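Given next, in structure tokens, is a single chain: the form predicted alone.
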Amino acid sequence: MSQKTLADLNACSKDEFVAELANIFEYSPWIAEQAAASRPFAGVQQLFDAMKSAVDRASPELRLALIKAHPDLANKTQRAAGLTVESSYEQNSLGLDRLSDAEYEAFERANNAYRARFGFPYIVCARRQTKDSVLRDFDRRLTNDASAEMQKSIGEVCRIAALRLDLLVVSEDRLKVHGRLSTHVLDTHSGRPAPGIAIELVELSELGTSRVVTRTVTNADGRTDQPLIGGRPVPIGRYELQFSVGRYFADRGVALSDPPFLDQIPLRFSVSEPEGHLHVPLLVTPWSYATYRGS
């Protein structure tokens, strides 16, 4: 997906505008067609509002067609037939291209139960989720009635579209679709930031293999040069931060037991606000550590 400037979208023909934005809403170019009449847009937020307004004004039949345009999650038949570039990227970001047998069976059961109850595919903004959180969401939403579930589905469709638009359009303003996960390490034994500590962030999984999200090292301020997750939503789910503190204290000549009392420190925590800023620091000595929820 090559990026486009808002200025170019404002200036191009209607046909070009629709062609560029046709799949912001899955297989639904009619939304871009209606939004084109509102040009020029002062910012990408105004553009998204115009597209969302087209969805809000649509008939129930057209809104249902919009929902049905989306593929099931982790459906092998649909993947073999070919997903859109956008859907493939979104499902792969969730890890649906590398499910364990147990995970695949769980998704298949959930998809079948959902379609049997509502008659349309389960829709969720995959880039805001982990596999575990999606399976929990399936269970919660199966208790909804059809009307409430259609409204929920349209809301998720709009979340998907906002993230697609954010990837595609370059504008002075930004859609509020990004979160951030960060950390820092404070050596409370010496009362200063702790540089050079290796950190690993892992996304935990109940039915499959846990996935390493990133590996990094603290800088001179005891922080990381980049957020652990940034520039995108922080997916809802359970995580573990692993801090390698034994070598840090050994390299500074601190007297340690053999083996050291604290070598690798794992911190487990959960994310529930994908667009929020979650800060998970470590305060550490050779014999103790603490953490807290920062922002």
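Residue numbers here begin at 1 and follow the sequence given. Here the structure is a predicted model, which is why all the values come from computation and not from measurement.
One more form of this protein, predicted in complex with another copy of the chain, exists but is not displayed; see below.
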Identify which of P193, G196, P121, G95 has a heavy atom within 4.5 Å of another copy of the chain in the model of the complex; exactly one of them does. P193
Identify which of R141, H184, R180, R159 has a heavy atom within 4.5 Å of another copy of the chain in the model of the complex; exactly one of them does. H184
For the spot marked by Q264, F269 and G294, is every residue within 4.5 Å of another copy of the chain in the model of the complex through some heavy atom? yes
Only one of 220-228, 170-178, 100-108, 142-150 has heavy atoms within 4.5 Å of another copy of the chain in the model of the complex; I'd like to know which. 220-228
Tell me, yes or no, whether A36 is in contact with another copy of the chain in the model of the complex, where a contact means a heavy atom of each within 4.5 Å. no
I'd like to know if A7 sits close to another copy of the chain in the model of the complex, meaning any non-hydrogen atom pair within 4.5 angstroms. no
Mark V280 yes when one of its heavy atoms lies within 4.5 Å of a heavy atom of another copy of the chain in the model of the complex, and no otherwise. yes
Are any of the heavy atoms in H189 no more than 4.5 Å from a heavy atom of another copy of the chain in the model of the complex? yes
Of the residues spanning 3-17, the ones with some heavy atom within 4.5 Å of another copy of the chain in the model of the complex are none
